[in-house]
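Consider the single chain below, provided in structure tokens and representing the form predicted on its own.
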Amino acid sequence: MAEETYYDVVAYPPGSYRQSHPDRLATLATLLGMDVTPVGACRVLEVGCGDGSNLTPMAVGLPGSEFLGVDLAAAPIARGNAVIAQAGLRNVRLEALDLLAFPEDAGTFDYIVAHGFCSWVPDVVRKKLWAVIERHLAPNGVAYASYNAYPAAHLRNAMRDMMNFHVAEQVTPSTDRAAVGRGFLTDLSGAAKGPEIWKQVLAFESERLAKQRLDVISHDEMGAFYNSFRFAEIVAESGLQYLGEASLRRLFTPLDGELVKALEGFGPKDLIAREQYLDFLEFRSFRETVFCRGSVQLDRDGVRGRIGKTYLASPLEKDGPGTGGATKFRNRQTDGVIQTNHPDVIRILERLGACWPSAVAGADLPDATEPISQLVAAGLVELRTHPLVPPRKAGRMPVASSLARVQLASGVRTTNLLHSRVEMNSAEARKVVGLLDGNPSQAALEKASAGIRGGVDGVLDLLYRHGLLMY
């Protein structure tokens, strides 16, 4: 039996990370000129998968693909496998496994994910990750790794050092370390003397940690292993080719003029050095870096021309006339409002809003490259290589995500087909989710929907807009 880990003792909270979804990785790679394996028929490996709360929702939305998660901690693996069994999923499995013993005959994977891993394991395990990727990443595969980055990580290192010193002096029980450490930092911030910059740093970090859950602080800030890296150091150690960061907006957003001028003054000779200098200039603390094999030929100059190879989606819905003859759109996710007079933008947003959360093929929106690029840069339109949410089909009763049926049967949170966390506070809506198993009773649906505006149609619309239904 494997030795018990701290993750067995103090559970890490469940979470799904959209930036690590294979579709996000495939979209970035496609825009940069790669010919990747379609995410609807691929193999995915997640290293450090925990209870599978990041991996399992991917398997629900991509039933034609195969998913494997590995983690050293046995307890979260057992919890995750119980959920997988309840949801009846056959295309995902979790294994309690020391990465150092990763089987050489595991085959190749089209997408390899290691979120929250590199900075929280011993050096030998992190280096093994790169060896696993080297051996098992498909020739046209894409890998993702997140990690604490310098220079801003210097501040987090300082906070960790002080908190760990204090809890050791107090002989604090392991389960109380995070609460005691955070409380100490709050007290320290209020009592600190010396240079004003030090008081500001302490106040900033104390405020940041005040927003964090204690179980997250226990692992992310005060765990046994904690490392930070320069970006260029990680790229060199990986032996892989740098694709980009998991944020697609960076591809479409030109650098600020002052940053461009500063970079020219520092004289970086290549892309890696340029990115490293940007970390110094922007005070980066965390990176979500995407890699491919060095043999892959990339084209970084043709990004906008490949929008037609993607799908487009937007949560903006038309919200009536605006001021001065403009058309107003409201963001379903943030409730923010934009107004525009641009006819191409209006046309695009009206079409995307009508099918949200599904998507429209970019090839179906010809001659709109420039406005789409601007909308992506502004975070108002997202690009995908897969619709992720099937379009609605008139007259057909949908099936709810099997994971949502399991999770909403005992709680109010689930992960939807967009790989985002959803909170469903309506008990009636949660009951309807449970009924949508492929053969629901119309009478039962009507009874469960009685307290919801619009009845059955209203609740189905609500659930679809939340990305929980498949048609």
Ligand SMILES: C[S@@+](CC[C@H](N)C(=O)[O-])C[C@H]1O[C@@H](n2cnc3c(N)ncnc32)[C@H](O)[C@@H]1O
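Keep in mind that this is a model prediction, so the values were computed, not measured. The numbering used is simple: start at 1 and walk along the sequence shown.
The same protein also exists as the form predicted in complex with this ligand; that form is not shown, yet it is the one meant from here on.
With the partner omitted here, the residue from Y277, Y242, F229, W120 that has a non-hydrogen atom within 4.5 angstroms of this ligand in the predicted bound form is W120. The contact with this ligand in the predicted bound form, taken as any heavy atom within 4.5 Å, belongs to V125 out of L251, L365, V125, I338.
With a 4.5 Å cutoff on heavy atoms, A73 counts as touching this ligand in the predicted bound form. Shown alone here, G116 lies within 4.5 Å of this ligand in the predicted bound form, counting heavy atoms only. Interface residue remark: E205 is not counted as part of the site for this ligand in the predicted bound form, having no heavy atom within 4.5 Å.
This ligand in the predicted bound form comes within 4.5 Å of no heavy atom belonging to P57. Stretch 46-54 is the answer when you ask which of 26-34, 46-54, 424-432, 400-408 has residues with heavy atoms within 4.5 Å of this ligand in the predicted bound form.
Site residues D319, L349 and Y464 are none of them in contact with this ligand in the predicted bound form, judged by any heavy atom within 4.5 Å. Contacts between stretch 194-220 and this ligand, counted in the predicted bound form as any heavy atom lying within 4.5 Å, involve D220 alone.
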